[in-house]
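Presented below, as structure tokens, is a lone chain in the form predicted alone.
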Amino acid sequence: MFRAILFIFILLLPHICLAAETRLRFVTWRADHPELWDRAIADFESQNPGIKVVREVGPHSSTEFHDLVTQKLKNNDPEMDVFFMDVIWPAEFAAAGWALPLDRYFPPAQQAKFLHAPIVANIYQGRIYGVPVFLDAGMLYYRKDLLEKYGLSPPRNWLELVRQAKYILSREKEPGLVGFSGQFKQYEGLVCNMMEYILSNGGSIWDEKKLKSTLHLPSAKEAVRFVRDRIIGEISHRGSLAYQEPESLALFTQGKAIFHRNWPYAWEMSNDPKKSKIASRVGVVPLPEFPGGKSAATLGGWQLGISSFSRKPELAWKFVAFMTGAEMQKRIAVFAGRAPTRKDLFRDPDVLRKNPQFQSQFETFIRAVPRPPTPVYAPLSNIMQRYFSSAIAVPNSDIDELARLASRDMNRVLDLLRERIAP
């Protein structure tokens, strides 16, 4: 009898263990360093016996990943517990009731340990909805060896960048070499790139106080025309119109671009001899400006949020706290080259030894410009993406008319927002 009971127990043991196991679903994008995240999840599981983190990997593109996450949230999916948010999503997710307010878990005293800008980006109507994991800001990477070869200093303004690129191209005569590589595909990255040109020319994408588009104003149109005629038209190539971050960085690391716009992580990738043909020959400086303007870098970065529909919010917070803690952010900085959001890590000797560029980039990080936070950012971004793509892709595009139509469409969206918040 005892043997029979023991035999049945052994047969049922896997099912008993499975039933006792608590699962936490983590929805994330396709990472550049998957082994880093795999190790982090394994460490969390080892510190929390009985917890199994199920990682659902979505697309690399921010736009496509947004579609995946919002579809789950619209469906009140209780299986998704923790998810990544781009820096522009918290207001949208908060207004829709999709993201769980984190104030009781993440009080002001803890928020103060983080850089100010990414914290502000996660606040909507006085409540906080995400915890920043790493920070992004647009940077200009360049072939240090080529600039030194021709006695050139890194360009301070966009016109100078074009002149330098054309000068080097005329002398190198290397097949396939281009002057500039950026992100010009129709997706959210295009908005980030174009906003940097517009802001550095004294323009803006919309007036946050009046809730009116400003894309039709001369300063904004001049910047767009410059990208079409001088960047795409003279020193890049039409293939860049299909580039997101991975493709544009690959061109640079293959030694096929003189200048390259990207986020901080590109430093680690471009200086890794296993991944880059130009390792140790790369420099990085703030993005250029236009005459009379100021250098502008779009604030980027990713945060972790908790679904309002999660059945395990306490466990979800435990995971978020682990993934955004000092040790995990240090790992991300050291092994992936991602800039941390915790202030103290910018003084950490291990972080600075691996990423000495963080010292000179710190001013850019704290001055980076966020895209205006609004719960209707998604439709506004879609309008801007279509406008920018059409304007820079066609050599003789009517930018005046395209800008007028984009402003008209943006104002229709902003009018709805104004009516919603009117007293």
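Remember, it's a predicted structure, so these values are computed and weren't measured experimentally. Numbering starts at 1 and follows the sequence shown.
There is also a form predicted together with alpha-D-glucopyranose; it is not shown, and the following applies to it.
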query: Candidate stretches 80 to 88, 157 to 165, 100 to 108, 276 to 284, one within 4.5 Å of alpha-D-glucopyranose in the predicted complex by heavy atom; finding: 80 to 88
query: Distance check, Asp136 to alpha-D-glucopyranose in the predicted complex, heavy atom within 4.5 Å; finding: yes
query: 4.5 angstroms heavy atom contact with alpha-D-glucopyranose in the predicted complex for Trp263; finding: yes
query: Heavy atom of Phe309 within 4.5 Å of alpha-D-glucopyranose in the predicted complex; finding: no
query: Contact test in the predicted complex: Phe346 vs alpha-D-glucopyranose, heavy atoms, 4.5 Å; finding: no
query: Sole residue of Trp302, Tyr124, Trp317, Phe114 within 4.5 Å of alpha-D-glucopyranose in the predicted complex, by heavy atom; finding: Trp302
query: Residue among Trp206, Tyr187, Phe226, Phe290 with a heavy atom within 4.5 Å of alpha-D-glucopyranose in the predicted complex; finding: Tyr187
